[in-house]
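What follows is one chain in structure tokens, specifically the form predicted alone.
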């Protein structure tokens, strides 16, 4: 028995080794370097100075940063919540329609990926332009006043972020909904539950893995977003990603940019660890009940 276990263990190591190497080279080592650069002094020529210092950590206490950090968190959280709110009924519908219609709907979901990300963002800039069709149509319908600006504000950033991240919420939730046993909903209705209660009490807990995956796939990229606020946002819509880009390319202060990046990395790792712990807890609970 032990003789068979050893070759199997070696096979598992060989299969997973490329993934470990990929994660080490492209994630772990760069992350460690970013944290290390945070404790190096800046160079007047835009490089990294010699020695070690805590000066960069002190400069992170800029009084403007708390507002930017808070804006980044609430906009990312709101984007994630709205994407999941929109993606859940869409995924439910996708999993219940005929296979032929499902193929066409899934094609529409992934169709935006066939176009460059920058082209799509600039298309929204044209659409929201003060002289654009959308602005004139809303003014004609008396929904907004002529002096209302659809661009360069937090609302425009939020709209484009939801549009960009929505497919990343639909696909994992749909993958979980497709495997869901819909006879459970019928059983709940037979026991007296209404359609909405069956949806909330039976369907949503049954696809919690897809919901958690959608949360990670939307929230984490939203935290680091800087292209969308830079193109359709204004000075009051800056996010932490914009400050990192500014410190890197404009100020040429790499340690400061690394410090902000390290802070962002911690902000990304915290929800990942929390969700992983929650998934382990949910996985362990049924096993303990079975025992």
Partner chain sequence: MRPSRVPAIVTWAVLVFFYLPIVVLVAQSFNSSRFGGHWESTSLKWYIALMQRDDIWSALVNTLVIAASATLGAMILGTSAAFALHRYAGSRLQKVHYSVIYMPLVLPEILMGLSMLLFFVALKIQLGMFTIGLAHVTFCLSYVAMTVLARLQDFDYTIIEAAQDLGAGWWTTLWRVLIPMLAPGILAGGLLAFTLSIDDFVISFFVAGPGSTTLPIRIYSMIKYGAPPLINALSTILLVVTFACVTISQLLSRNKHAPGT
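Heads up, when I say rigid core I mean the largest set of C-alphas that superpose within 1.5 Å between the two forms. Numbering follows the first chain given and starts at 1. Computed from a prediction, not measured in an experiment: that's the story for all the values here.
FYI, the form predicted together with its partner chain isn't displayed, but the following is about it.
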item: Its partner chain contact in the predicted bound form: residue 28, any heavy atom under 4.5 Å; value: yes
item: Partner contact for residue 174 in the predicted bound form: its partner chain, 4.5 angstroms, heavy atom; value: no
item: Touches its partner chain in the predicted bound form: residue 125 (any heavy atom, 4.5 Å); value: yes
item: Proximity of residue 73 to its partner chain in the predicted bound form, heavy atoms at 4.5 Å; value: no
item: Its partner chain in the predicted bound form reached by all of 119, 131 and 226, non-hydrogen atom within 4.5 Å; value: yes
item: Segment assignment from 174-182, 141-149, 73-81, 155-163: heavy atom within 4.5 Å of its partner chain in the predicted bound form; value: 155-163
item: Stretch 219-233 - residues with a heavy atom within 4.5 Å of its partner chain in the predicted bound form; value: 220, 221, 224, 226, 227, 230, 231
item: Core-superposed C-alpha of residue 26 shifting 2 Å or more between this form and the one not shown; value: yes
item: Large Cα move at residue 17 between this form and the one not shown, threshold 2 Å, rigid core; value: yes
